[in-house]
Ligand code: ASP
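Only one chain is shown below, in structure tokens, and it's the form predicted on its own.
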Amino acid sequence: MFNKYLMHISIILILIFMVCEISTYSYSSQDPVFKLVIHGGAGVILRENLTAEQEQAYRDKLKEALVAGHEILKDGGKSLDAVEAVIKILEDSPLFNAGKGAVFTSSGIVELDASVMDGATLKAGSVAGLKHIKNPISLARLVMEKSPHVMMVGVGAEKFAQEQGMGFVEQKYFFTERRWKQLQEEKAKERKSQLNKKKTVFNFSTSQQEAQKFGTVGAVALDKAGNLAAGTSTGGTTNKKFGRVGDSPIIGAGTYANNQTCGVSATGHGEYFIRSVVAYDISALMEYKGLSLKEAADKVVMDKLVKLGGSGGVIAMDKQGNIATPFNSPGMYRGSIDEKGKITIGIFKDE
């Protein structure tokens, strides 16, 4: 009788153990959240201004970048690796104002800026005024990981690149006929305005501000380990002068990442984004006021920035994988991909 009782107790214990094991397995086998969101610039991007072929080219390149980043994250790669890989693809495309497709300065050269930030450690790297670096985002990451500094500029940054074994490219690599034509158009407008004495050399035309200023590229990624990372890269503004640097390489303005809140990459009228500290402001509203990602991003981009007079947008993601892509301009090249590989791409305001 006693043995029979022990046998029943043993069976019950075994069943309890099996249920616990099944429950644990079921929980651990759930796919972890990992996502990626990217942008290719914001501005007056209207359907009537893009041919069907041009629109498809942008969508294809955004998709290519998203798929590449997704593969890294799916295989357990770091969010930093995904951000760098994605931005390099966009930098190598002549479609966007970064790397190969960068706009020209007033002196007819290309100067590039970029930054990256690790949400797990709050470490960051930034570069500005580069003239011979094919992929500025990679140098920004080297500054973060291989130097005691956060930001390096110009000749010094390129000397550091040489010390790190990074190859150089000639300025002719960055030449594209489209960007050269844009520069000539802006110079012609500038000369006309000077003759009319309506504007000074320091002012930009409205069409330039709206149509050509927002070609920045960027990415925010969340990996399986729950770490966020963000990065941004740009060629700046057509006909920019006197060592002008925008928000893209400024940590807290154009780029920010914090595992406790969100990752952000901005694109727009850089001077306003610097003054508004846009990327950090979104994070701060979440941290100190308890706003959701959408609430914080909308408040900064659709309210605060608009009141100041700035145009553009951001891509942002929080630690749960929620995504926000607010922009107050007519369009923004943007896209995202989730852990299941579902891709969403948008260009125009109504998408």
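Note that residue numbering begins at 1 and tracks the sequence as displayed. The structure presented is a predicted model; accordingly, all values stated were derived computationally and were not measured.
The discussion below concerns the form predicted in complex with this ligand, not included here.
Contacting member of G236, G119, G99, G125, with respect to this ligand in the predicted complex [4.5 Å, heavy atom]: Selected residue: G236.
Among K224, K131, R244, K189, which has at least one heavy atom within 4.5 Å of this ligand in the predicted complex? The residue from K224, K131, R244, K189 that makes the contact is R244.
How about T267 - does it come within 4.5 Å of this ligand in the predicted complex, if we only consider non-hydrogen atoms? Judged by the heavy-atom cut-off of 4.5 Å, T267 is in contact with this ligand in the predicted complex.
Residue contact check: G215 to this ligand in the predicted complex, 4.5 Å heavy atom: Close contact exists here: in the predicted complex, G215 approaches this ligand to within 4.5 Å, heavy atoms only.
Though only this chain appears here, would S248 touch this ligand in the predicted complex if you measure heavy atom gaps against 4.5 Å? Contact with this ligand, yes.
Only one of these stretches, 268-276, 255-263, 80-88, 149-157, has heavy atoms within 4.5 Å of this ligand in the predicted complex; which one is it? Every other range fails; the passing one is 268-276.
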